[in-house]
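A single chain comes next, written as structure tokens; it is the form predicted on its own.
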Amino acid sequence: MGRVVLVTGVSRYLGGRMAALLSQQPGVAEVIAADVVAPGHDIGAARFERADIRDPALAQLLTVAKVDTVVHMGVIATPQQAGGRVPMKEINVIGTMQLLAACQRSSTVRRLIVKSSAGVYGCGPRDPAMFTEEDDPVSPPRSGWARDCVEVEGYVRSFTRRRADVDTTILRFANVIGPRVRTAMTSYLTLPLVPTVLGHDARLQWVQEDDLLAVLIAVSMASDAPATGHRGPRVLNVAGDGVMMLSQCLRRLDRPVIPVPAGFSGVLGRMLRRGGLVDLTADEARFLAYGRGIDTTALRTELGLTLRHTTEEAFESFAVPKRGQVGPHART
């Protein structure tokens, strides 16, 4: 009998594509695509189930469908997607708590994969050149999606202590980019006049959207492995090889820039949000000054996975169709 996989967050682009691709995998009997809103895009042979991860009734869905693999992609990156910061926090943190409680009560769940963010490392002037999975943040995130991811990972660790029998993986992705995905960073990069932090040039890494999905599928479909010695969940950084500077990215997009003094970067973020141009939190504005680097050695050595696109190639997959376009409304 094949696997039964539950994917959360399918009303958004990456979650929907994940459900569609999983439904094509040999050995998968059924993919249940769960969200409170029906997806407006193709989810392949996956079966849509209108379900709120904040609802304790989700446990019944796991039991009735005999779900053995859960792929949690329901952590929302921007308040605009959720209708504000308060509902975003509820979905991300309370929703994850309820999902984990449902998995804990399930007798069939054997694998859990959680899509997280490299933003959990924060960013600042005293950061290491490359964060490994064992490194603690020097300047922890204080707000927004990154802060939610920190809390989500904490609850996942607690879950693994209660259900050590569930193979649990947290994937910390660098910024995703590509020809179709839309994020706060892609919105920022395609502004008609791009504000940068005076005297700073952030280090950036990218994950091409297809590579992100390929890693999630590989972890979801991996054969059951013996215990690896992990105390708690397996945590893996995911990023394309290499680093780009923010100035390089903007030159390749032919974008004019306006340097802003560092002390005004937080004000700038608020102005962009209020103007409906870019949904940047204070931590994301700080990221534009310092950037971040993550080490991906464990992804290759523990799972044998290598991304198809380097950071530069991932960025080019986004930049090529964007060159010559002006303004946020030119995006797909």
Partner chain sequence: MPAHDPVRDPARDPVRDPARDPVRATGAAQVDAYRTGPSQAVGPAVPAGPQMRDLAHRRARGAYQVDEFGFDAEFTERLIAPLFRPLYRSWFRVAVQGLPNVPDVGGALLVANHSGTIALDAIMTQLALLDEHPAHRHLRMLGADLVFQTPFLGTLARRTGHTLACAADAQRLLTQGALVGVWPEGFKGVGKRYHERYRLTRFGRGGFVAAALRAGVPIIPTAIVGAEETYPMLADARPLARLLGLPYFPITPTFPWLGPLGAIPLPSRWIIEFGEPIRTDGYSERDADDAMLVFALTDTVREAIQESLYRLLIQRGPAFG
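Note that the structure is predicted; figures quoted are calculated from it, not measured. Numbering follows the first chain given and starts at 1.
Just so it is clear, the following notes concern the form predicted in complex with its partner chain, a form of the same protein that is not shown.
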Discussion item. Under a 4.5 Å heavy atom criterion, is residue 84 part of the interface with its partner chain in the predicted bound form?
Written reply: no
Item to complete: Could you confirm whether residue 309 comes within 4.5 Å of its partner chain in the predicted bound form, counting heavy atoms only?
Response: yes
Worksheet item: Using 4.5 Å between non-hydrogen atoms, is residue 192 touching its partner chain in the predicted bound form?
Response: no
Worksheet item: Taking 4.5 angstroms as the cut-off for heavy atoms, does residue 89 touch its partner chain in the predicted bound form?
Response: no
Worksheet item: in the predicted bound form, which of 167-175, 248-256, 99-107, 182-190 comes within 4.5 Å of its partner chain (heavy atoms)?
Response: 248-256
Item to complete: For the three residues 38, 57 and 153, verify that every one has a non-hydrogen atom within 4.5 Å of its partner chain in the predicted bound form; reply yes or no.
Response: no
Discussion item. Please identify the residue among 73, 120, 235, 243 with any heavy atom within 4.5 Å of its partner chain in the predicted bound form.
Written reply: 243
Worksheet entry | Answer option from 142, 163, 200, 157, heavy atom within 4.5 Å of its partner chain in the predicted bound form | 200
Item to complete: Let me know which residues along 97-135 have a heavy atom within 4.5 Å of its partner chain in the predicted bound form, or say none if there are none.
Response: 125, 126, 127, 128, 129, 130, 132
